[in-house]
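Structure 1 and structure 2 below are the same protein chain in two forms, each given by itself as structure tokens.
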Structure 1
């Protein structure tokens, strides 16, 4: 590892936190790539003039965040960084690409089903009328990131399975001339069911992030209703909050 690391002993910020923030930034910006090995605690401590417990605390904080992993016989290794999704109308595929995460998609279901009352209300279609149901597993670097279930009104666009695996749903909509304008979104959390745990490689009952979203085009028409689950060890939402004046 050859990084420019330093600590400011005159700062009120704890030394371990200064170090952990610099290492986290290096991981997020690609200076420390997945699979990279950190120097051992003794080397880092000597290099920065810190105590071993301080360095150990900095590293442990990143292990707890899922950015580093301690492997017996190997050392402390960088794992794939968490995707931080800004709260804006974007697709997971685009967010993963922007984060350099090499997205891939596995289509699990692509069919037409009768709209339930919930789906009909979200999309503004008749209950029991036909809607497309698409279920996908989104991966990054070969690891599952999210399970995506979307409902799309009939006749909106060609939902070709090969295309769904090659690109994102929103890109397909834009290519079809649909202008995405706004969305109504709810974010929550719950424990993973057995099926979800199996899909996302998490233990049953593990906490999952959930998101429900209805997306509208520039005419106010609902163009998709999605209900998704995400691995919180690999994914988070970022909010920017402003004071109302």
Structure 2
């Protein structure tokens, strides 16, 4: 093996990050085969001219991603299963784009409304206070795929309709300087109401996949509450998750 690894000390990119990226690429690329040992940390550090803590930090980040497993007294080996991406907070838009689907969005509603009790509770704003309401239809290959209804607290974001159709809500938030931190999700199913059936081109009573989500930024503010319905024949939630140790 003997993998070509090197770090650039003049780069502003942290050394441990450079290393972890190279290792991840080697795993993805197949240069590091599943089950193979990584070689001990001390020798690896010496070979790269790094200290052991730095090498450990690089390795640890890949362990956290589920790509590597450490065994005391044995070594660090490449996990040898098809690890895709662990679950992360992603928008439907990004998901579709990553799948090469070229998603389209149609904004149905983009107004300011008084918050209902449900919305107020989710976002932590006053009942009957102003909130943005955005209703969108997400299409793939010209077919409706999901109906998205979102509520956003006022003053956070410029909700331009054209931009909403060109990109995703999360991407707009990030570029508005909002640091997304966590989200609370509920995934369920139910039969379509007449209105939902009409919007999604399904028969009434057809099974729908539902998702509700409240998203928080790193200051703890709720920045978005959404109620989404998906056509289960067109979309399902697929993700990898790791056992917290």
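A quick note: this is a predicted structure, and the numbers were derived from the prediction, not measured. Positions refer to the first chain, counted from 1. In this text, rigid core is short for the largest set of C-alphas that superpose within 1.5 Å between two forms.
**Message:** Of the two forms I pasted, which one is the form predicted alone: 1 or 2?
**Reply:** Number 1 is right.
**Message:** Using a rigid core superposition, assess whether residue 22 undergoes a CA shift of 2 Å or more between structure 1 and structure 2.
**Reply:** Yes; residue 22 is a residue whose C-alpha shifts (by 2 Å or more) between structure 1 and structure 2 when the cores are overlaid.
**Prompt:** If you line up the core, does residue 41 shift 2 angstroms or more at its C-alpha between structure 1 and structure 2?
**Reply:** Where the cores coincide, residue 41 still shows a C-alpha shift between structure 1 and structure 2 that is 2 Å or more.
**Prompt:** residue 32: how far does its C-alpha move between structure 1 and structure 2, core aligned, in angstrom?
**Reply:** That residue's C-alpha sits 29.1 Å away in the other form.
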